[in-house]
Every structure is written in structure tokens, then in C-alpha cells.
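Before any questions on binding or motion, here is one chain by itself as C-alpha cells, the form predicted alone.
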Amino acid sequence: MPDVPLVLLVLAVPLFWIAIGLIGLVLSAIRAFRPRILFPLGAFGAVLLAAVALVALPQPPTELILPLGLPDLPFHIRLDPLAAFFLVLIGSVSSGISIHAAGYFRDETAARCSLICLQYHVFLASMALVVLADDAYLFMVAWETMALSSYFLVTTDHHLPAIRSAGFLYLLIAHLGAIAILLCFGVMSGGHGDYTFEALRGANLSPLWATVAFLLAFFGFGAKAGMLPLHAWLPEAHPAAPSPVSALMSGIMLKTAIYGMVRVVFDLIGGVRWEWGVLMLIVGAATTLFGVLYALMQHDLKRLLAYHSVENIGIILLGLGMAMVFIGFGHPAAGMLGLIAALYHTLNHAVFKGLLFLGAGSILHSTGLRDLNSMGGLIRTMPHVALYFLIGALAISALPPLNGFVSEWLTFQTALQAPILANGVVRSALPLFAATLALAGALTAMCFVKVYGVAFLGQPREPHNAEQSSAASPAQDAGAMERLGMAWLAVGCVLLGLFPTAMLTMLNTVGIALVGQGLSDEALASSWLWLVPMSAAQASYSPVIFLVVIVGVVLVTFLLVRGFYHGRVRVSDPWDCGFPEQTSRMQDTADAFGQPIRHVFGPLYLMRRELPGADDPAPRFFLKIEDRHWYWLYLPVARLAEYVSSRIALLQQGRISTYLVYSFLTLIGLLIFAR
């Protein structure tokens, strides 16, 4: 179809997804039809979306006006390099998740599966439309559709009070963010009434109003992204949702917020200021450290992954903040490297976090368990899930040669460009933010050593509570569709780690479209074997050579041990410290694993503990760690809102004469205002 514009092909995919959802709703009586046919069709649409967007990425922007919406207010569509990159992300990641969902939802009832099918595909379509929107009106319609469809997916099990509470909190913060985004568009329009992005892009804002627009965008999109201190919905909503939905929310939906932030700050507002970057760096560093430290204290697997999403959003903000600092000081080449690092990590996080949530979902689907302290030895009964989860764990821990390492390494390289900055304070502070990233990387690796060791190694444990005990079943490996979905994302982790130069070239196109300048010629001239961020004299990295060295060292070590040390495999019982009656209760638990970190960073946690005494006849250990933000931020705001509501409620008298007085006074006020 050479004559069909790419934007039309891209636009056809969200419409296709909506059609799939409606078909699933109409054919509600055929239970197996949706998981076996409709979800794989959705995955096919996602692959098509990613392929077309990949072709469109290096091409000039294409615009389209749709005769839809309000009178004289049509929808505007635009496919440019930034939108194409995020469509590649949405298509490539959601394809694996949809394949997994085909297996995950196979046992759902017909009525429940029909609703999930509709909401799931509307959710996908709305995320694609957010990226394609070229006016504030369509953007907000798609944004709200995304929030509502994901809310209904989060509250799939709405008969549980905790699920309803998590859904309400998510919806509340999502709409607070939406109000801020709406106000941001209002500020950028400057009162001329034209809300197309082309008009917003051409508006001439004063420094004060540009800063106001930035702060509103930062707050609004940060609330959706899970940025500190607006993260509170994320650890509640992600565990509540079905696992493929958690993967979509963490892997893709959070990235639409990053897209919005980049679109507004770098494209619509323009004139990036370094002070904005410093603010983003401070919030990013705090978000990163907070996320990983609280993830280490979790024993609910999905909640732990949700806190790691908070951490990775902080890492992305660090890259964006560095980009803004360098561009604000007049060094666009270094700023471009920071922007590319942030976008690369956005894609990487979508891939490996999607994979980890799917792995957690397969465990939950098979065993009914989310509590790490109730798992153990799953590698024997779920070897495929163990393998794919291990790849995701290595990737999120930023271990080479997988993809997580590449984007974090690029972020470090951006920080190392600090000596070119003229401001001494900012120049000195930038390495500190890089140190934050290094600390977070080490703590993440520790956290996933805990997760993998407790869940997959050792011996099986007994469920810790009655609810899980009744739900637990003998573990079985994931089905074929679930394995295929996880394998798709695992391959993505490997390819994005081994061949980063291709992605660097594509992201450079995005950067040129936004900032007008790309990376240095030396960086772009590097071969597929070497990744050169700025110049080969400063730093270079070859993932393929690194992999060859790792494989070579392992092989040589194995051969040396087999040939010269043991000579043969000896099978014997492990050392039991002189106590042969070992049970699974003697294994290290998730709580015990985090004890050293709990002691070091104790003031950051709100801990409630009950420790048994030496002569306690019924010893009991109790530990609960809570988020301090609930007590110093959220609860005071909730109490204030409750107080104000109670005062306003005094106006409600239940007498018609009183309401008529209100109406009369309102009319008088409007007449005065109209004059």
C-alpha cells in the first residue's frame, strides 16, 4: 500500500483494537473465543503498529484532520518522530502482553472476560491516541479514556473493599493530574482560543508563564508517572489489577506520562531553562532512592515491582533533568545524550518491567501466591517462568550485556559531561545525582537477589496466612501462550542490550526533531559493535564483546573445574551444619533479607515492630513498614477536604426557599459580572 499515508495505517490500529473490544463484548456467550482469537488478534495489531511506526520514525511529520469531535473543533492527528518512537514502544511491548493475556484469561467466565476484553483493548487504543493527538482537545479525551478504562481494569475484582479503595485512589490522583494538564494547555494557549499543538508551539510565552506551564505539566504528568510524592496510587493499583493489566500500566501507561512531559517541555513550550532541569533532577533522585528502598522492604511480589516502577521513573527523570540542564546552559549535544538516555530507559523499562509483571502473573495464576515468604523452589516446577524472570531481573538490575545497563550507562556518561558547565554549583551537583543512580542500581540488584532466591530457589514454603493457604495450589509451569508472551519480551531485553547503536540512531532522529541538533558525528559514525556516546576518546562500550568475554570466562572456568579439580560430578547431600532435620522454615525470608538495609536506612521508614522476648512462651514477630507520605501529606489533605466539605454542607438546608435565595443571589452576581 505505497499510496496510503503512514498516519492512516497507524490510526487504523486503535480503531481495530476498539472493534476487537466491541466484538468481545457482543459475543459474550462464547467464552473461549476471546482468549483464543481476540487477544492474539490484538497482539497482531500491536505488531503492525510497531512496524509502521518504525518505518515512520525517520520520516518528516505527517498531519491529519479528522471531521470528528465538536462542531468547528475537529480532531488533529500528527505522526512525527517522537510520536513514532512511543508508538513503537506501545506496539512492541503490548504485543507480548496481549499474547500472555490470551493464556492468562483463558479460565475467566464469559461475562467477566467480555468486559475485560473491551476495557483492555479500549485501554490500548486510548494510549495510542494520546501519542497521536495534535490538539489539546483530542489529547484530553484520549487521556481521560485511558484513565477510565484502566480504572475499570484495576477494579476488576471490585467485590473486594481493598480493590475498590485502590481504584478510587488511582482515579483521584489521575484526575488531579488531568486538571493540572488542562490548566497547562490553558496557560500555553494564552487566551487566543486555539488549542491545536501547532498554535501552542507558536505561542510566545514570557519566562514567568513558561515556568508556570512547566510546573503544571511536571505536576500533571508526574502524577500519572508515579513521581514522588504523587506515587501513592501506584503501589496500591498495580497489585490490585490483573497481571497483564499491571504490565500494561507499569510498562506502557506510565510512559505516556513521560511522553506528555517530553512533548510539552521540549516541543510545545520550548526554550528549556536549566532551573527546570535542576528541579527535575532533585525530584528524580528522591523518587529513585525512595522507590528502591521501599521495594526492598516488600514481600508482596507485585507491590515490590510497583515500587521499582517508581524507582525507574526517577531514573528517567534524571536523564530528562540532565538534558534540560545542558540544553539550558547552551550545550545541546550533551543535552541530546541525556534525552536519548532517558528515552532509551523509557523503552527498556517498558520491556523488562512488562516481562517481570508477566512472570509474577504466571506465578499468581499457577499457585495463587503473591507473598514471597510463601514461595520457594519454584524453579523446579516452573522452569520457563524462572528463566524469563531471571532475564528480567538481570535487566532491571542493570547488569551487562542486557538492556537496563545500556541506558543507565548512557545516563552516567551524560553526568560525566558536567565539566563543560559554567555554573560551579550545578557542575558539582551533577556527579552527586549520578551517585544516586549508582546506589539505586546496587540496591536493585540486591532486591532481585532476594526475589529470585526466595521465590525460585530453596525449598517450597507453607503459605503464611489462611487466605493464601486456601488459594495455593501445586505449582505448574506457565501455558504455551503465557510462555510465548514472556519469551517475546525476554528477547527484547537481550536485543536492546546487544545492539544499542541501532536504537541510538533512531533516538537521535527524535532528538533532532525536538531540539534541532543531534549527537556528535563520531558517535553516529560508530559501528554496530561499539557504542560511543560522545567520542571514543572519552568512553565506548561493546555489549557483544562483553558477552563473548562472559561466555568465554564461564566456559574456561567450567572446563578447568571439570578437568583439573573434581574431574567428575559428585552427587551428595549439602552441608547441614550438623543438623540433618532441615525444613523450609530455616530458609532466609524476604523480610530477613532486607534487615541490613532496614537498619541502615531506618529513619526513612515508618516501622511498627513486635519482637518476641527470650522467654516468651508464644513468640511472635510482627513487622509493618508504612509510607510516611500518608501521614504528613495525604491524610492532612484528606482531613482538610473533609472539614471543608462539612462546612459547605451547611448550605444544604433542605428548604426550597433557601435554594431560591441562592439562585437569586447567583443571578445578581452574574449580572454584575456581565456588566
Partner chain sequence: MSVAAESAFQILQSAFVVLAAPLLMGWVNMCRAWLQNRSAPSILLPYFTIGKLFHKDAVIAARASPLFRLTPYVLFGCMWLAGGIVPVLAVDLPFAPTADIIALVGVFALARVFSALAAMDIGTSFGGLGARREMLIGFLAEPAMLMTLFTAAFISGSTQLTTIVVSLAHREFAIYPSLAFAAVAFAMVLLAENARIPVDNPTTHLELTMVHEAMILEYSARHLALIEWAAAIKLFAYATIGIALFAPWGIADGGNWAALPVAVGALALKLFLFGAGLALLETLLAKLRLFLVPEFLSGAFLLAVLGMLTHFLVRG
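Because the structure is predicted, anything quoted here is derived from the model rather than measured. Numbering follows the first chain given and starts at 1.
There is also a form predicted in complex with its partner chain; it is not shown, and the following applies to it.
- Every residue of the trio 415, 435 and 558 has some heavy atom no more than 4.5 Å from its partner chain in the predicted complex.
- Site annotation in the predicted complex: the residue of 380, 201, 158, 112 reaching within 4.5 Å of its partner chain with a heavy atom is 380.
- Of the listed positions (209, 546, 528, 168), a single one reaches within 4.5 angstroms of its partner chain by any non-hydrogen atom in the predicted complex, namely 546.
- Just one listed stretch, out of 528-536, 346-354, 173-181, 497-505, contacts its partner chain in the predicted complex at the 4.5 Å heavy atom level, and that stretch is 528-536.
- Using a 4.5 Å cutoff between non-hydrogen atoms, residue 570 counts as a contact of its partner chain in the predicted complex.
- In the predicted complex, at least one heavy atom of residue 588 sits within 4.5 Å of its partner chain.
- In the predicted complex, no heavy atom of residue 516 sits within 4.5 Å of its partner chain.
- Within 4.5 Å of some heavy atom of its partner chain in the predicted complex lies at least one heavy atom of residue 542.
- Applying a 4.5 Å heavy atom cutoff to its partner chain in the predicted complex picks out 390, 394, 399, 400, 405, 409, 412, 413 from 389-413, in order along the sequence.
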